[in-house]
Structures are given as structure tokens and as C-alpha cells.
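Below, in C-alpha cells: the form predicted alone, a single chain.
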């Protein structure tokens, strides 16, 4: 026995709204370097009323369990979903992290901290190499001028990455919310 036609139309309208949001989330996840299908998976979990298994996600999205596993692993690594335990269930269950502020902060920390550290290491090494070259080419004015200009560019870049490192610190310690307060959650 199915839903009455009025309820069926209500559910169809709600599904249409959810699908539009899920599609948009999927497209926007590209900003985070996340595939469209993994973005759709996040959207599915966002609207789920309860934690879901890989099998349930696969059935809902009509994708293989392997694809679901890869997508969930990506979302777990980025702290966008959580593995949860449910009494009586032997399968792994997953739910979305609903604190979008924390999700953004975690993502920003994970991705940007790694990038900053890598770039600063390269800049330090390049500066050390230029310092050695300055000693070697001290008598060559043309080369010294090029080295001086490059060293200044490296110093400017290094200063930027030091600033970015401090910005990441504000996300990690929560000071960012003193500068840009969170919007209070709305009452249900």
C-alpha cells in the first residue's frame, strides 16, 4: 500500500529540493579537490536521518561498494564524515559532520598547513642556495643583481607563508571566530 497522492507529491517535492542541494554540494566540493561523486555522497549523508552503511549508500546512489568506500575514506580523511557505532550493528556506519565551521576549519588546517610547510621548506632551501651562489659569484655584478632580486622575491614569499601560517593558527585555536563570529544556529 503506497502513500496517498497528496503525501506522494509532498515527498516528491522534498526529494527534488534535496537533489538540487546535493547536486550543488557535489559541484562545490570541487573547490576542495573532491570528486563530484564524493560530493554527492556527502550530500546524501547530509540529508540522511540516520547513519548509513556502505551498502545503503551504494544502493541509494546506484554505485558500487568500492566506490562508496573510496568516497567515504576521502571524507573521513578530511573529517567531513564520522564513523559511528550503533548497538547491534556489525557493519560500519557513517554520518556527516554537521558542524560546517569545524569541517571548514579541519579542511583548511589539513590542506593549507601541509602546503605552507612544503612551500616554506622549498623557500628556505632556495635561499640557502642563493646565499652560497652569492659567495661564489661575488665578483660578477650581473649575477649578483639577479641573485639579489630573486632573494628579495623569496623573502616576500616567505613572509606571506609566515602570515598564512599564523592565519591557520587562528583557525586551529578558534581565534578566527573572534574576528569573524559564527552565525548562531537557528532555533528549530
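All values derive from a computational prediction rather than experimental measurement. Positions refer to the first chain, counted from 1.
Unshown form predicted in complex with the DNA; subsequent notes refer to it.
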{"query": "Segment that reaches the DNA in the predicted complex - one of 116-124, 151-159, 30-38, 138-146, heavy atoms within 4.5 Å", "finding": "30-38"}
{"query": "Interface membership of residue 111, the DNA in the predicted complex, 4.5 Å heavy atom rule", "finding": "no"}
{"query": "is_contact(residue 63, the DNA) in the predicted complex, heavy atom dist at most 4.5 Å", "finding": "yes"}
{"query": "The DNA contact in the predicted complex: residue 69, any heavy atom under 4.5 Å", "finding": "yes"}
{"query": "Residue contact check: residue 48 to the DNA in the predicted complex, 4.5 Å heavy atom", "finding": "no"}
{"query": "Any residue of 73-111 that, in the predicted complex, places a heavy atom within 4.5 Å of the DNA", "finding": "73, 90, 91, 92"}
